[in-house]
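This document opens with one chain alone, in structure tokens, the form predicted alone.
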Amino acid sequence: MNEPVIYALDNGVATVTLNRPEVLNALDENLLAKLMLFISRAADDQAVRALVVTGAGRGFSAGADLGPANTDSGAVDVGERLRTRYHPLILAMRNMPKPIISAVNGVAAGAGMSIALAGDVVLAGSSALFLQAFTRIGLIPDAGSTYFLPRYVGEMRARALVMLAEKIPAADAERIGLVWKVLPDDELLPYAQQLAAHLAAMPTRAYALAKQALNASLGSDLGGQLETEARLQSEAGRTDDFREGVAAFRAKRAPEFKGH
């Protein structure tokens, strides 16, 4: 049996590939458990300095597996499944002390779209489609979609995406702020890995602290956020990478960052 998630590490970049292409990488218990395992591994592995998350085959992820074992309302508490499987995963991605690039190939629907949006930089292939599919089957958006959407695209667009449940092509997703950049399909993964390699060579400790600041900003007032910046900047100012960056600037040479 094929592994539901493939993990590969090359020169500081971990590529995590959802690998159930026969069902458009639908999210079942096994895939979610393996994805959480590999996200945790990447967080703890000092050899990993950046991540790419993508899907095998024609799609990123069609969302939750809707097979009988996963949808029998008499046997499955959907909310409890969110608490045990999806919530730890989304929080682990957002709190990951390393940059995550989501490379969305094909469809990203339902919770698959939520996982894509949990990345720090979201890239899409030209044939990618985004879909808030939840209301089509009588559910509400979950796995973080009601958190990400208003912040990325604004309140009005978020409500329309949820209520209308329309497919959003890659170009429209870029226009409204769901993705950072759209690439030709055959260039998506190479570009994502190239960008991850660039990030891996940068001061990744600063990225970790910047992610903390950005996460905190969403619930802070200005005074509180200014203090968060000062506290985290004090920490950044004590890193070897800061000292190296200043030394390289003064010497007019390329810096050699180590991530600490």
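Remember, predicted model here, so these are calculated numbers, not experimental data. Each residue number is its position in the shown sequence, starting from 1.
There is also a form predicted together with a small molecule; it is not shown, and the following applies to it.
One residue of R159, K181, K167, R151 in contact with the small molecule, assessed in the predicted complex (non-hydrogen atom, 4.5 angstroms): Of the listed residues, the single hit is K167.
In the predicted complex, the residue from L139, L91, M163, A171 that sits within 4.5 Å of the small molecule by heavy atoms: Checking each option against the small molecule in the predicted complex, the one that comes within 4.5 Å is L139.
Picking from 19 to 27, 6 to 14, 232 to 240, 245 to 253, which part of the chain touches the small molecule in the predicted complex when contact means heavy atoms within 4.5 Å? Selected stretch: 19 to 27.
Thinking of L195, Y207 and A210 as the candidate spot, does the small molecule come within 4.5 Å of a heavy atom on all of them in the predicted complex? The answer is no: none of the three residues contacts the partner (heavy atom, 4.5 Å cut-off).
Can you check whether V121 is within 4.5 Å of the small molecule in the predicted complex, heavy atom basis? The answer is no: V121 has no heavy atom within 4.5 Å of the small molecule.
Indicate whether the small molecule has at least one heavy atom within 4.5 Å of a heavy atom of M96 in the predicted complex. Close contact is absent here: in the predicted complex, M96 is far from the small molecule, nothing within 4.5 Å, heavy atoms only.
Would you check, heavy atoms only and a 4.5 Å threshold, whether Y86 touches the small molecule in the predicted complex? Within the cut-off, so yes.
Does any heavy atom of A111 come within 4.5 Å of a heavy atom of the small molecule in the predicted complex? Within the cut-off, so yes.
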